[in-house]
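First come two forms of one protein chain, each written alone as structure tokens, so that there is a structure 1 and a structure 2.
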Structure 1
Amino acid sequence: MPIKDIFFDIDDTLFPSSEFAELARRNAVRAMIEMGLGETQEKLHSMLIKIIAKKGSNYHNHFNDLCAALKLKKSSRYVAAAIAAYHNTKTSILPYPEIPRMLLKLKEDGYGIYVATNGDAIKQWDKLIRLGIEHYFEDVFVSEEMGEEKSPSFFRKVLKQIKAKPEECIMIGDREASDIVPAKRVGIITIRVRRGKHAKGKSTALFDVNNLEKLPLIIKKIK
């Protein structure tokens, strides 16, 4: 049966999410020092990492907590500097270099392309917009709006909504547990991209690739 629809994960599949997150933290710490904070980059970075590990990455007051831990009195200048540098980095994200031309080729080849991602809907849309690829996708399925994270039932809902059969679809992602296993369970063809912090480890995907440059060719082969 010919392939009709292709689903993409976002983070570490379409852009180097982990790299930009790390760069954003480092730039935030550097901006605090540039604003006059007399601490080392290493110390501030390691304190920040601990706060993020404790409070989660969707917590909004990492830098306030960091300043509180340092017992700073007039901290708004440092918090503002850190947030500005952090946001500047997060809003300057770029796709992996092959992505825009590869997506355009898939559109030219007549496939329906979709996003299937875990996370906050507005944040995930923001990434697509910042990456400049928001218009390529027929639709975007985000766990927050679907009522559950990527799972067999998530993918069943997606197939029902776009009226597709699993064997006509491909799911592409970097994570075995959330991208490959649940899609495979419902009969969707799977491709694992080995990059980012989840690059290593066992894969049960039909194909493993290091990047998505040859995706249009691979899909033709599946046909």
Structure 2
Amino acid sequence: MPIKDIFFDIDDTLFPSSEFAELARRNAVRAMIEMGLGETQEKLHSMLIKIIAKKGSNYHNHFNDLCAALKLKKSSRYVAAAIAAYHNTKTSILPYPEIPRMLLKLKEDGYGIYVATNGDAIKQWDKLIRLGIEHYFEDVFVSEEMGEEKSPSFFRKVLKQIKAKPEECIMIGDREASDIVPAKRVGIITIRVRRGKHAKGKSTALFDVNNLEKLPLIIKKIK
């Protein structure tokens, strides 16, 4: 049966999310120090990473919690400086070099292209827009709006919405647990991208790749 639809994760699949997040966080704590906070960059960065690990990357008050942990009575200027520096870093994000041409090729070949990702819907849309690739996708499915993170149920809902059969679809992502396993359980073909902080470890995907430059050729092999 021919492949008709392709789902992409965003982070460390379409752009180097891990690298961006690290740069943005270091820029944020540096801005707090430049605002007059008398702490070292490494201490602040270490504390921030622990807060993120505990509260999750979609938590909205990381810098507030960091200032609370430092027992600062007047923290607004430090939080504002951190947030400004973090968001200013977003102006530098770019997709992986092969992504725009690859997406264009898939569109020209007639495939339906979608995003299937966990996270906050506005944040994920913000990434796609800043990357300049939002118009390639026919629809974007985000866990916040779907009511659950990527799971067999998540993918069944997606398939129902686009009226597709699982064997006609491919899911492409960097994480074994959230991108590959749940998609496979409903019969979707999977491709694992070995990039970012989840590049290592066991893979049960049909194909493992280091980049997506040759994805159109791989899809032809699957067909």
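This one's a predicted model, so the numbers in the text were calculated from it and none came from an experiment. By convention here, residues take numbers in order along the sequence of structure 1, the first being 1. Take the two forms, superpose them, and find the largest set of C-alpha atoms that agree within 1.5 Å; that set is the rigid core.
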Number assigned to the form predicted alone in this pair
2
Pick out, from Leu159, Thr89, Leu48, Thr190, the position at the hinge of the rigid-body motion between the two structures.
Thr89
Whole-degree rotation of one rigid part against the other between the two structures:
14
Once the core is aligned, what is the C-alpha displacement of Met32 between the two structures? Give it in Å to one decimal.
4.1
Keeping the rigid core superposed, can you check how far the CA atom of His60 moves between the two structures, in angstrom?
3.8
